[in-house]
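Take a look at this single chain in structure tokens; it is the form predicted alone.
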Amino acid sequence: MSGITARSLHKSYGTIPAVDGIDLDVRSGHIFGFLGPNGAGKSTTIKILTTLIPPTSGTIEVLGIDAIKHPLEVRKRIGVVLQQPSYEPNLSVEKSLEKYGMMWDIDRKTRKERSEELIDVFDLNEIRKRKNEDLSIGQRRRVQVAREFMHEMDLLFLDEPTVGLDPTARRNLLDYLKNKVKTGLTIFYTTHVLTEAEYLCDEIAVINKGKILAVDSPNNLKNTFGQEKTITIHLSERHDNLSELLSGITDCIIDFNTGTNITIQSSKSEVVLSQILQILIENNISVEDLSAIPTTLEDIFLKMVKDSNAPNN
């Protein structure tokens, strides 16, 4: 069974399209990353998929349920952590977990067991008696995510869940999510931290201006869109005639910096590198070292968004 299937999904506010005809296929038991700049349509899409707002048009199936016709059936089987902070100011951490379990009609014994497990997993033991209003932003965020696991669910929506978390708390959360998926949970995950998406997600969709630009695994995205590489050549000493010597090299951007570094950015970087090295050898210019920087998911994301924002798109 598919986790989410959406077809021709539109959502407009007046004449402004927030979601512009997107299709989504999220497989059960996987982590699906949903990436895009601010205002791209991510949060609106999540609100539609979680039945918080209706689409202007299109169809949605969530866990095999028609989400437009049967929103309450969908809500019974999903968890949602939105980007906006949500907490009970006057309740302690452990009381917040307890209350959330009661809201989902979890029996007392199970509530206690899950509370203790989540307090341990999310490193909340030292602050378990403190009120939420006295916690830091990162601590509140940990509580907000932890309490969602008080109830059973088949699909979890996480909108920027690591905002405010320190590196240790962030990695602990990501590893916890990976382990939960092994039990059959499906996760729909948005983030601005591209290294998180690369570490966590089985598949990634990039959205901008309400349209899906690409959907694939992180590795396939890098293989497909990451042909351009950056190579830096460091020379032993300054050479003021570099610009003249390398003026005939095409299909690259050469940054001469201080006269001792040459940076190549090209989709044919190996060919360009060979041409440059040949010229350097012919002119008795010594190379001290060179390094190649692999294309990252962030590089690809930035390029895709930039291209989609170009005037002809």
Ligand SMILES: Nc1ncnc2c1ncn2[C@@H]1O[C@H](COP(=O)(O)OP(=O)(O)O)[C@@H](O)[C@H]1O
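Since this is a predicted model, take the numbers as computed values, not measurements. For every residue, the number given is its place in the sequence shown, counted from 1.
What comes next is about the form predicted in complex with this ligand, which is not displayed.
K.L.:
Quick check for you: of 260 to 268, 66 to 74, 39 to 47, 276 to 284, which stretch puts a non-hydrogen atom within 4.5 Å of this ligand in the predicted bound form?
P.N.:
Selected stretch: 39 to 47.
K.L.:
In the predicted bound form, does Gln83 have a heavy atom within 4.5 Å of this ligand?
P.N.:
Answer yes; at least one heavy atom of Gln83 falls within 4.5 Å of this ligand in the predicted bound form.
K.L.:
Is Ile300 close enough to this ligand in the predicted bound form to count, meaning some heavy atom within 4.5 Å?
P.N.:
No.
K.L.:
Going by a heavy atom distance of 4.5 Å, is Ala18 a contact of this ligand in the predicted bound form?
P.N.:
Result yes; Ala18 sits at the interface with this ligand in the predicted bound form.
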